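Here's a solo chain for you in structure tokens, the form predicted alone.
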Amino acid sequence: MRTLRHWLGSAPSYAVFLVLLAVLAATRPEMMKLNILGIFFRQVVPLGIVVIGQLLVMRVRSIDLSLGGVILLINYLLSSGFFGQDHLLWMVTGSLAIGLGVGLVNGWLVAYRRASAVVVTLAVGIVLIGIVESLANGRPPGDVPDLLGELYNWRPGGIPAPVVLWVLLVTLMSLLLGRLVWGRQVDAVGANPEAAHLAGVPVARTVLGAHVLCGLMAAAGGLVQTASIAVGSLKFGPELVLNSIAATILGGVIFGRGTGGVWGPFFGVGCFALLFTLMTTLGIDAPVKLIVQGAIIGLAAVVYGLRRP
């Protein structure tokens, strides 16, 4: 029982997830089938992958607001045929290279030039969005290669492939932070950067690494998001930034405090999936969805903050 209380108390997302699951089971039991829930969870996979990167930078007391720009640029390049129509390896490596480059720029400016993470990443995101709008000239580029759509709809073992990828990435990140020295360095920087520096922890390099991995996760999220909508768009992407911050906080990670680990934010994204499922089945309009979503996240963060020292 004590272990259960500790587990639930480490992040608001666990308790919120259980409550939403219970409400959904009571009001719409027919929606509790795994194949139906899988559809809704597949829709939040891009957010879930982006959250993996956001939680990393937030654990080292940073933030990344350029994620939306990365996703928008990748969507444009994929749907405009820049990477070709049949070269999956080129699509993936090209997209990841963009995320890597953006992560390096953000990390270098934040870690080594001591620039404000909010200002730098916001500026980089605006530049990327401006590049896309300039290239597109106000017109969405076209359709996404069919190969990406086929992969998105693939169901190995009956489980949607995007969900498999999401769980795999979360598991790998959990192992990276929990088993490797770099994970302990992330914890040290998040707890106290000055003390970590005095203890010999490479603070700047750790922050740089967090931003690089965040950029890679943004690129992976962009690939999945592009495959999910199957067309080019000049509008999606930026909204994932605020949702990624909200899900990370709901998961117990707040600028250096990472009691929720990696699985706390994972269930934070799961809360979004259940919340969207519940409100959609109840016929709730989009504006009310935003109000309810914000209220739940805000209340959970306040209660979590009051319970922590």
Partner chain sequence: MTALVELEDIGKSYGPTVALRGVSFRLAPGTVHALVGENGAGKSTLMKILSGVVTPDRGILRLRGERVVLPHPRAALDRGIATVFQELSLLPNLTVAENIFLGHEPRNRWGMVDRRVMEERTAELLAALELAVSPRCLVRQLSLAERQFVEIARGLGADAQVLILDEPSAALNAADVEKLFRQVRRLREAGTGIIYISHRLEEVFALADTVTVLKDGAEVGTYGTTDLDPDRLIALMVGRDLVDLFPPRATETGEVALAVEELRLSEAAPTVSLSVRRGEIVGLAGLEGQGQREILRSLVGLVPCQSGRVRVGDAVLDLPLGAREGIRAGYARGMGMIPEDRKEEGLLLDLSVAGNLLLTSESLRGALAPRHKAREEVARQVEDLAIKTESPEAPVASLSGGNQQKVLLGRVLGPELEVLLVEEPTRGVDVGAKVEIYQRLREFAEAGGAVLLLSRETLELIGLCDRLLVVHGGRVVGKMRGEEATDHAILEAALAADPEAGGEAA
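Numbering follows the first chain given and starts at 1. The shown structure was predicted, so the numbers you read here are calculated from the model rather than taken from an experiment.
Keep in mind that the form predicted together with the partner chain is not shown, yet the notes after this line are about it.
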Note to self: For the interface check, one of 196-204, 144-152, 224-232, 90-98 should have non-hydrogen atoms within 4.5 Å of the partner chain in the model of the complex; which one?
What the structure shows: 196-204
Check: Is there a non-hydrogen atom of Thr171 within 4.5 angstroms of a non-hydrogen atom of the partner chain in the model of the complex?
Finding: no
Note to self: Against the partner chain in the model of the complex, would Gly183 count as a contact residue? Criterion: heavy atoms within 4.5 Å.
What the structure shows: yes
Note to self: My question is simply whether Pro156 lines the interface with the partner chain in the model of the complex - judged by any non-hydrogen atom within 4.5 Å.
What the structure shows: no
Check: Does any heavy atom of Gly84 come within 4.5 Å of a heavy atom of the partner chain in the model of the complex?
Finding: no
Item checked: Partner contacts in the model of the complex for 82-120 (non-hydrogen atom within 4.5 angstroms of the partner chain) -> Tyr112
